[in-house]
Every structure is written in structure tokens, then in C-alpha cells.
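Just the one chain here, laid out as C-alpha cells, in the form predicted alone.
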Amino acid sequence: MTRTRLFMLAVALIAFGVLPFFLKSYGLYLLTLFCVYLMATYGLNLTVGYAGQMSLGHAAFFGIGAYHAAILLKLGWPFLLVLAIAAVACFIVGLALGFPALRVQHHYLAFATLGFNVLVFLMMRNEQTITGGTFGISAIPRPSLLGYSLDGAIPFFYFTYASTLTLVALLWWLLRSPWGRAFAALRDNPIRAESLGINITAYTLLAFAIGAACAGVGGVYFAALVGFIEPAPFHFSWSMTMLLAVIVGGSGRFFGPVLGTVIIVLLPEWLRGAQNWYLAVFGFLVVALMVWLPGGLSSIPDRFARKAAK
């Protein structure tokens, strides 16, 4: 990354960090929600964009993390311990779900993960003794850190923002490690990757598991943010929405999830003024974007560079 890009990135991060002081409570909530979903979409980008495995079950892992947080935080468990438990639980479930990826590919794998999401959603809705069913779980406490309460909107935003940056930095390191290069080789040509000595089985499972753990971490912060969870936010339609964020932002591009998450979290709010038409307008804009920019929003600089080179 060049110095100019590093400078622009630093300015953007600082500007985002200062923005809460100019927003009202709902705007601050949306910024925090953006950070929460960004954790999940970065994990999905690793699975879909870098490992080349289609997944439509990401919302299930998001929900698993959220319900872990809701139950354990209400029991008084420390937030960081709950975060670790949820991440490990989703990692293990991701390993188990990754096994179908060894036998099926593309749309077959998508249907397998979609079925998993439906199964998890039904369990959340029907297991009332554990999840509260359709009544959900309320009064989820926000964490405290080193004795400092994060109940306020601004402290919790900065805590979530710092956590998001930490997760993104870890993924940046991972993708520039030998593991990341193996993921890219697996996505581009599995047969060639195997001929180079890459263990396809291990890396496919690892991609699913790490992506699932990221979603679980996002779910923990989601539960602490909203203070009440019920099955609806973990419906399979949200898996498709997260996948849309990855594709619209630019699948396999590191900053693609940032742009895509802006589209799925903030754009619908900007279109609320259209009242009953806002979903139709949102859908039209997304379709138009995919027609004109099939590589996603993050492919715009490359497109200008190609035109300038002609």
C-alpha cells in the first residue's frame, strides 16, 4: 500500500471516529450497527471472495454468537470470555459445516448452507426454554471494561469500532500470510493449488471456520448493542443480504465489505423518505450497480485506470 493510500485510510478512520460527535442517537446507533455487520461481512468475504466457497448460512453464525451473548451476559459472565466462547463455538460449527464443501461446489454448496441457516432459525424460534422463541431475550446488559461501564452510546461505539479495527487488522495479516495466498490459490484453481501441495481439505474447512467465527463475534456485539434479540434478524434472508454486501462491495477485495456494508446498512435508511417505494428503489439501485459494475464498488479505481491506459 502506497503512502498516499495509507494517508487517505488514516484520514478516513479518524473522520469516522470523530463523526459520532455530530450525530444524534439514531445516527450513532447506525454507525455502531455498521461496525457490527462489518465484522460479519469481512468473515463472509474470506469464505466467498478469497476461498471461493459460496455460503448462504452466514446469518446463522451471526445468530449463534448473538444468543451466546444474550444467555451468558445475562448470567453475569465477563464480556471478553463470552466473546471468546462464541467465536470458538462458531469456529467449531463452521468446521462441521465445512465438510459439505469437500463434496459439493457452487450452487449445491449454497443450498447446503441455506438449509443449515433454516435449521438454525427454526431452532431459535421453537426452543423457547433456551432462546425464548418468538418472545426473544430482553434486558441484555452491555459490557464493562476494566471497571468502566460501556452503557452509553458513545463509549460502546468506540469499543465496537476499536474491536472492528482489530478484527480487520487480523484478517489483513492473515490474507498476507502463506494461508492467505493458499486461500487465493484455492479460489482461482483448486486443481493447480493441489498440485502445488496445498491441502484443499484443510484450507476449505479453515475458510469456513474463520468466516463463521467472525460472524459469531459480530453477533455478540449485535446482542449487546440492541439489548434484545429474537429470531427475525437471523433469518436466511439476512444471509443473502450479507452476501449481497460482499458482492456489491467487491468480492475478494479487502475493502469491498466496507463499501458493501454501507449499502446494506445505510442506503435503506437514506431511502426511508420514499416510504413504501424505498425497497423497490433499493432493489433497482442494486441491480443497476451490478449491471454497470459487476466487479463491485471497489473495482471503480481499476476501471478508471484501464480507461486511462487506453
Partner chain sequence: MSNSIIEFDQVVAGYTPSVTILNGTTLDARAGEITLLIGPNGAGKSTVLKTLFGMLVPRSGEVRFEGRRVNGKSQRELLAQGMAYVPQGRNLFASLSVLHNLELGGITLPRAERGPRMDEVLARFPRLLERIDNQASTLSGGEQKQLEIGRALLLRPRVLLIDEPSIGLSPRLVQEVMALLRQLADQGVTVLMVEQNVRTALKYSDRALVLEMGRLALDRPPAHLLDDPNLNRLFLGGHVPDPERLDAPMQER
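Note that the coordinates shown come from a computational prediction; the quantities given were computed from them, not determined experimentally. Numbering follows the first chain given and starts at 1.
One more form of this protein exists, namely the form predicted in complex with its partner chain; it is left out here, but the text below deals with it.
Proximity of Leu174 to its partner chain in the predicted complex: non-hydrogen atoms within 4.5 Å are absent; the residue sits far from the partner. Gly76 falls outside the set of residues with a heavy atom inside 4.5 Å of its partner chain in the predicted complex. Although the partner is absent from this view, Glu194 contacts its partner chain in the predicted complex, with a non-hydrogen atom inside 4.5 angstroms.
Although the partner is absent here, Tyr203 sits close enough that one of its heavy atoms falls within 4.5 Å of its partner chain in the predicted complex. The contact residue chosen from Val88, Ile198, Val118, Ala232 relative to its partner chain in the predicted complex is Ile198, the criterion being a non-hydrogen atom within 4.5 angstroms. Among Ser237, Asn189, Thr166, Asn126, the residue placing a heavy atom within 4.5 Å of its partner chain in the predicted complex is Asn189. For its partner chain in the predicted complex, the listed stretch (207-215, 177-185, 80-88, 128-136) containing residues with heavy atoms inside 4.5 Å is 177-185.
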